[in-house]
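Next up: just one chain, as structure tokens, the form predicted alone.
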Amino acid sequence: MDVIIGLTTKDAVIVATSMAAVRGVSILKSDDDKTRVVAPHTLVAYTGEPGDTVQFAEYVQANIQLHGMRNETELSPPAITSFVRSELAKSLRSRKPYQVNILIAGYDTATEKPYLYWVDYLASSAQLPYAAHGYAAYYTLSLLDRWHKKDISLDEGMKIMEMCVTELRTRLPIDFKGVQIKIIDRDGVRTV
């Protein structure tokens, strides 16, 4: 029962992930980080089968870092999303497809724009102003529909994210051990 929520503001992206690693009815870990920093200004948040998620996230992280070292350049969030989508599409046609749903949040320093991409295990991809995976989508998308505006400030975005977390605490039947919130902006990735 993973929770992954992301939303864009005027100059940043906010991502919240649950901290519980759950298998069936058992909580295995209460401080799990379901994100990976794949580039200085790009974060991947993932949910799905435990082995697939970590392996795929590490694979993406290593390949993007390798590309950066070989070409001495940072990939933009749209380029990283294209790579992730391509790799998921390749695995989908193999005998062992990855069961991974991903949010890619980034800030493009060249265009000075925040990006949020929703990618599912079938390699579908969409750029969205806000997104959610897991059980969070059932409870938070209506709040995001109602309160998210095009050019909101970071403070307004944090208030909306807090409303989403409060809604999840109220309505989800499990304890997801709180959320870890990360902000991606022109200064890079930081935890709040």
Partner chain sequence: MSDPSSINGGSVVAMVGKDCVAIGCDMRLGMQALTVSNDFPKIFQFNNAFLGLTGLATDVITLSEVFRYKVNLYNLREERKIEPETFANLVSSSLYEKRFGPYFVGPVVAGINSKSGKPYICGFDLIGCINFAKDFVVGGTSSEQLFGMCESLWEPDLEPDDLFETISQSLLNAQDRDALSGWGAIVYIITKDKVVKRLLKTRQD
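Residue numbers count along the first chain shown, from 1. Quick caveat: nothing in here was measured; it's all calculated off a predicted structure.
The discussion below concerns the form predicted together with its partner chain, not included here.
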{"item": "Contact assignment for its partner chain in the predicted complex, among 37, 137, 27, 54, heavy atom within 4.5 Å", "value": "137"}
{"item": "One residue of 158, 123, 143, 165 in contact with its partner chain, assessed in the predicted complex (non-hydrogen atom, 4.5 angstroms)", "value": "123"}
{"item": "Complete contact of 92, 118 and 128 with its partner chain in the predicted complex (any heavy atom, 4.5 Å)", "value": "yes"}
{"item": "In the predicted complex: members of 32-71 within 4.5 Å of its partner chain, any heavy atom", "value": "none"}
